[in-house]
Ligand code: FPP
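Only one chain is shown below, in structure tokens, and it's the form predicted alone.
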Amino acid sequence: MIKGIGSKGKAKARGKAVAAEPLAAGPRHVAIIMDGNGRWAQQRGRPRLFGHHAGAKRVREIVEACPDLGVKYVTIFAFSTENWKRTQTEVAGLMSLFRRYIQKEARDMKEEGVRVRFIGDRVKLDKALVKLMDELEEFTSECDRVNLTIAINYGGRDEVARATKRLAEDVAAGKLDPESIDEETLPKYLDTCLLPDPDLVIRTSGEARISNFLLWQSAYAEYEFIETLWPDFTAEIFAGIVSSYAGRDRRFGGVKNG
């Protein structure tokens, strides 16, 4: 159970004073592929889990920076459907880290006005972890300063497959007319149905691929691939990328007049 949940321990949501005006033309929703934790640790002669712990601490700094930058939604890729292929030690360590992170950060996130959601297939996850995830979502459900979405056991193809299955079930049950299905229909069945599509996707560590992350939602997102390893990804670096986004020419397939 998350400490602080309940009538006696419920934290009161509050917000910080905004230090600067949000960027008018900045991204509203930023998605981040947090890559490089293992390499960061190995460069220091430490086990990979040491890097994951360092990366978890970095999440707080980035989330805290969002309001001043005008970022209302931030989605982070914490554990993919492919990450089960890693060693049993690393997977077990990550699951333990997720549990401790939720228990440790819950009250602070509530106090900072951070609403937390989780996306991904929960069936394969430990029941104790799923319970904590459910509790944190409920605990922060009234917060609206920043929306933090954490992808755990998430894969873009898996998400689309699960969404398509639910859509097909509704068709079979007579709840949905096949003739009415268009590109606006499937998003209603995705894990992210309550979120706007990301405007900007950032990947750290120098890898230039999207790794099965938000495939449908990122159709028109801007991408930023940077060399910095995730534990070294500071709020200053984040602010610089968000600022540069404002200068991009986004036409969504159209052509500007003139």
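All values derive from a computational prediction rather than experimental measurement. Numbers follow the displayed sequence, beginning with 1.
There is another form of this protein, the form predicted together with ligand FPP, and it is not shown here; the text below is about that form.
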| query | finding |
| --- | --- |
| Selected contact from 214, 201, 63, 34, since only one has a non-hydrogen atom within 4.5 angstroms of ligand FPP in the model of the complex | 34 |
| The unique member of 143, 167, 125, 94 whose heavy atoms fall within 4.5 Å of ligand FPP in the model of the complex | 94 |
| Heavy atom contact within 4.5 Å of ligand FPP in the model of the complex, the stretch among 158 to 166, 126 to 134, 70 to 78, 180 to 188 | 70 to 78 |
| Heavy atom of each of 107, 111 and 235 within 4.5 Å of ligand FPP in the model of the complex | no |
| Contact test in the model of the complex: residue 139 vs ligand FPP, heavy atoms, 4.5 Å | no |
| Residue contact check: residue 56 to ligand FPP in the model of the complex, 4.5 Å heavy atom | yes |
| Contact flag, residue 26 vs ligand FPP in the model of the complex, heavy atom cut 4.5 Å | no |
| Residue 116: touches ligand FPP in the model of the complex, heavy atom cutoff 4.5 angstroms | no |
| Sequence-ordered list of residues in 36 to 53 near ligand FPP in the model of the complex, where near means a heavy atom within 4.5 Å | 36, 37, 38, 39, 48, 52 |
